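Before any questions on binding or motion, here is one chain by itself as structure tokens, the form predicted alone.
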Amino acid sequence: MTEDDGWNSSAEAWITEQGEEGDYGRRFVLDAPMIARIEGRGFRTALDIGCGEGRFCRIMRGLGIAPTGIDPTESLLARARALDPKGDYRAGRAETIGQETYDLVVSYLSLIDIPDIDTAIPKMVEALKPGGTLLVANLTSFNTAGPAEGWRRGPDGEPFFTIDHYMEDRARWVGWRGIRIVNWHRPLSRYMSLFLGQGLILRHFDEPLPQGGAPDKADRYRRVPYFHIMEWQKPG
């Protein structure tokens, strides 16, 4: 992330939006399938890239995994430490990960925040022990190729979602509920090429559907592909 990516000024609004249980997408779409990919798998250590206020680190700790969370936004780290005083939360970013290695590396909706993905993904792989797992939840590229304001309304008043310039990498400002940050759009092929170029093996891919929550939100999350989950394995 860069200094003017909006995270410092948006941190308090982000903390309010996430609360203890996470926003709609995390709570009703992503958490359950993400937890299913790590629960009972024997992971002992994990690195959470872009851990924010530490919510998923706390979830992992509850599953018996010892997580380390890194994030470049100090106020988010302060919140993580306040909620989890025994946790390991460090200032850092994916592009400059240190020499430690982990059984599991998690990127939970953080790839879209990283400008230098060509450096970040190899560093994530370096942080994995041989045979280790890289678990990614990301906004789909169909979603990030849409307009910054998201849904629009047609002449008949019905909502619809459009995409354009899908193949072009680009940064875009997005905003909601007092949060205004930079997200990065990249076509799915960019991510896949980088992961495959590191010699990783794809073990799981899914586009999870919402399970509960407000019916109007669930309907929109079923109409448009919002998220995907990928699990990659580093050869042993």
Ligand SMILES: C[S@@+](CC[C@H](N)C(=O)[O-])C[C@H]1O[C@@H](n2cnc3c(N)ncnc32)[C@H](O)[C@@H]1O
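This is a predicted model, so every value here is computed, not measured. Note that residue numbering follows the sequence shown and begins at 1.
Heads up, the form predicted together with the ligand isn't pictured, but that's what we're talking about next.
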Handout entry: Contact residue in the predicted complex, chosen from Ile121, Leu76, Val136, Ala127 - any heavy atom within 4.5 Å of the ligand
Key = Leu76
Exercise for the section: Answer yes or no: in the predicted complex, does the ligand come within 4.5 Å of a heavy atom in every one of Pro67, Tyr102 and Gly132? Expected result: no
Handout entry: Interface segment, criterion being heavy atoms within 4.5 Å of the ligand in the predicted complex, picked from 79 to 87, 111 to 119, 141 to 149, 157 to 165
Key = 111 to 119
Practice task
Report whether the minimum heavy atom distance between Tyr24 and the ligand in the predicted complex is within 4.5 Å.
Solution key: no
Problem - Met60 within 4.5 Å of the ligand in the predicted complex, heavy atoms - result: no
Handout entry: Residue contact check: Leu47 to the ligand in the predicted complex, 4.5 Å heavy atom
Key = no
Practice task
Examine Glu231 and determine whether its closest non-hydrogen atom to the ligand in the predicted complex is within 4.5 angstroms.
Solution key: no
